[in-house]
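In structure tokens, the next block holds one chain alone, the form predicted on its own.
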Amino acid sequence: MAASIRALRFFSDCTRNIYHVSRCRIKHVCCRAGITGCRGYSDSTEGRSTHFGFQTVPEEEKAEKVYKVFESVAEKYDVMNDAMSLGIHRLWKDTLLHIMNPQPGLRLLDTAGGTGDISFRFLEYTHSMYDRQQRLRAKSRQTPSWQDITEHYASDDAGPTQSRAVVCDINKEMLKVGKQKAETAGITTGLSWVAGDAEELPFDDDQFDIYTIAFGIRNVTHIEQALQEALRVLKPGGRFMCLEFSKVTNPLLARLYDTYSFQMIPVLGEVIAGDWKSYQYLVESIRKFPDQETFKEMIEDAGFLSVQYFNLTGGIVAIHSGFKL
């Protein structure tokens, strides 16, 4: 068993090193050519097309179109989430945290984190875990020895292990709304906000214990590239977790869900956010996203191991999880 794990780690390290060398070489060529802000993951996208909802658009236009969608809906984004899902999105996000089960002291990258829902839950969860651990320790020291007392005061002087969350989103309007929410909630420590692209993260290698992306990866132009970036910034042993709309597994529920999505959600978008087109795109983008098994294979192809997924609400959404060794 130990030999198998060492072999997996060796293979994973080799794959990452090959990818890293290739990326650095291409980046070096870009820099010599005078191109800045370039990682050089792929050849020029000029002439290539992709989907924007049900539309076919040039690849270089999709990011700008998606940016405008979320810029338009930022102020009403959280209200619309409640209206569209009847509040169930809160349970989905809570389930993500329970599966994650983060311990105090970990560092989270909340990619496409928007208004901060996942990061807020992460900090609340780890704080609650720390308090619970402290209570258990106090209970076990009801009749302490002098050694226990000494160790207790030494640990108090060191202070609690600080969990940290970084919300990274390409859209500044979404980050602005998230910061306002954090101030209103009194969340002032352990949280930072960074404007950045999921396909080209502004962080060094091996920085985070957990990477999450919730309802965001279907909006990136190159999903494979975003997955490679997730692998790069995670520490060895780090965990990738994605919460995203997926393929409904029950035929009857699928028909009801399609009817509700196409006939009601754009109407709610117009009434609540004054924006029919943006929510029409969001509904269409869900149908263009890969199903559970296909996305699982994409995560594995990026280099993650022990990949699995959990269907929620009949497959309306799924949580995918994988590890970097």
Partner chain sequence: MMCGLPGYFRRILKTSRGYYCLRSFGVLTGQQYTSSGSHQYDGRLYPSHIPTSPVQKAILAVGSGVAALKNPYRHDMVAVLGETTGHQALIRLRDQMRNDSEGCTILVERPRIRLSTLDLTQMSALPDGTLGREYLRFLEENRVTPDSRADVKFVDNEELAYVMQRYREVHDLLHTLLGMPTNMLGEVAVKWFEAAQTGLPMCVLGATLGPLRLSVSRLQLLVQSLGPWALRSGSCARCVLSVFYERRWDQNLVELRHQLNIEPAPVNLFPSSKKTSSNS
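Positions refer to the first chain, counted from 1. The model shown is predicted, which means the values in this text are computed figures rather than measured ones.
What comes next is about the form predicted in complex with the partner chain, which is not displayed.
K.L.:
Since the partner isn't included here, can you check whether the partner chain sits close to all of 54, 264 and 276 in the predicted bound form (heavy atom within 4.5 Å for each)?
P.N.:
Checked in the predicted bound form: all three residues contact the partner chain.
K.L.:
Any of the heavy atoms of residue 284 lying within 4.5 Å of the partner chain in the predicted bound form?
P.N.:
Close contact exists here: in the predicted bound form, residue 284 approaches the partner chain to within 4.5 Å, heavy atoms only.
K.L.:
Answer with yes or no whether residue 258 is in contact with the partner chain in the predicted bound form, where contact means some heavy atom within 4.5 Å.
P.N.:
Within the cut-off, so yes.
K.L.:
Would you check, heavy atoms only and a 4.5 Å threshold, whether residue 298 touches the partner chain in the predicted bound form?
P.N.:
Residue 298: no, not in contact with the partner chain in the predicted bound form.
K.L.:
With the partner left out here, check for me: in the predicted bound form, does some heavy atom of residue 272 sit within 4.5 Å of the partner chain?
P.N.:
Result yes; residue 272 sits at the interface with the partner chain in the predicted bound form.
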